[in-house]
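Heads up, the chain below is alone and in the form predicted alone; it's given as structure tokens.
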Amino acid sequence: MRACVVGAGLGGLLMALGLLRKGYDVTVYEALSYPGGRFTNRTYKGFSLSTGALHMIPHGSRGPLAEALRRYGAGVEIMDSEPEGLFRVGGEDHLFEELPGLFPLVDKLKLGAALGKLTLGMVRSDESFETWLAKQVRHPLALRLADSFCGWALSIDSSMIPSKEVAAIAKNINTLGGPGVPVGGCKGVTDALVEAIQAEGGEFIYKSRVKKIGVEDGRACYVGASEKKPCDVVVSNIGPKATLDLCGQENFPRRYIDEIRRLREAAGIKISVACDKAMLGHTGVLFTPEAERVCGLNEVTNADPGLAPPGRHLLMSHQTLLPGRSIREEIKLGIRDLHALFPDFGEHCRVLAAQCYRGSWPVNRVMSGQSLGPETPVEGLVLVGDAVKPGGYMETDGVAAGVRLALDVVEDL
């Protein structure tokens, strides 16, 4: 049995390795000259800057990605964050469990009850998280905390996600724990997967843009790049919209095309900063609900000093990019936030890069809360990647959980 994987991002790499373990002959096509896509590193002035995702895994060593890496023997050390996260309010940093203490007594009780419902996954409402939360707690800090978390973790604000999805995410955090930093950053994971794929006999073809996914009699049967390669299974890791174009929309029912067109990407801005001292001093996330634009930061060199030159630190911030906003102005506002958050920022820090993720290179091809499964109306065509995340899973752990479902789909073909 032969499988072609279109796109060597995280989802494509995990799927390729899973198919190899099932006995498939696997060829991976990648338009770029390197694997990883939005989940690898590029070195700049001695600092390892990520191409998309931050150097963090949502559930650290306990989530679906870590479990898949262990199962496939891809050796990656993941440093679980300690603390998992802090929230800067009024110039002081607070643990999650300390947040209710920041509110007046009545709001404190209401927030405690709301957090209990979320962490137990008891919220079933389709209304936005913003709307649901406003019914629970009217204090404005509650919404700021919600937007800070959603902006950091999902690159959207609380008005853009159903409350039941936030509850599913909160339940997973309660069960699996918070984030961790892979040693080597994103590239540490990508390199381990590539090495494992090659050891299993998988083939990579770089600088090879797939021009067509051939569909005959309702079944995907070949991939057309520099040459036509017949196969039994086609895995697309380039997003559902691009997949439709490669296959030809005539091969899909109208309802499926309409479903794909309704999907919306999540966009964001990441600012990478070189520091001559530790600005956070821990391996977790610093959420910034009182900042104007920045939603949160991490300092990955506290977990892996090798991500920066000796004696230096790499600080990374993330903010949402909402429709209609000027990228240039948003970056300026983000940098202004960094100066406000750290009074000595100008003395110890220097901005390395400000990267914008949108369009064909977004934070997420489908924002959290919108549902799309790995199966398609075309037999033998399976989707993976950040457009296919099961409910309750974020970012790279969502990608890994989606690949697990995709492998089940292939099993049933």
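Residue positions are given as counts along the sequence shown, with the first one as 1. Values in this document were obtained by computation on a predicted structure and should not be read as measured data.
Here the subject shifts to the form predicted together with a small molecule, a form of this protein not shown in this document.
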property: Contact check for Phe149, Ile161 and Thr288 against the small molecule in the predicted complex, heavy atom at 4.5 Å; result: no
property: The small molecule contact at Asn364 in the predicted complex, heavy atom, 4.5 Å; result: yes
property: Partner contact for Val210 in the predicted complex: the small molecule, 4.5 angstroms, heavy atom; result: yes
property: Residue contact check: His318 to the small molecule in the predicted complex, 4.5 Å heavy atom; result: yes
property: The small molecule contact at Ala16 in the predicted complex, heavy atom, 4.5 Å; result: no
property: Answer option from Ala31, Leu49, Val351, Leu372, heavy atom within 4.5 Å of the small molecule in the predicted complex; result: Ala31
property: Val234, Val189, Leu307, Ile238 - the one with a heavy atom within 4.5 Å of the small molecule in the predicted complex; result: Ile238
property: Listed range touching the small molecule, judged in the predicted complex by heavy atoms within 4.5 Å, from 51-59, 340-348, 66-74, 375-383; result: 51-59
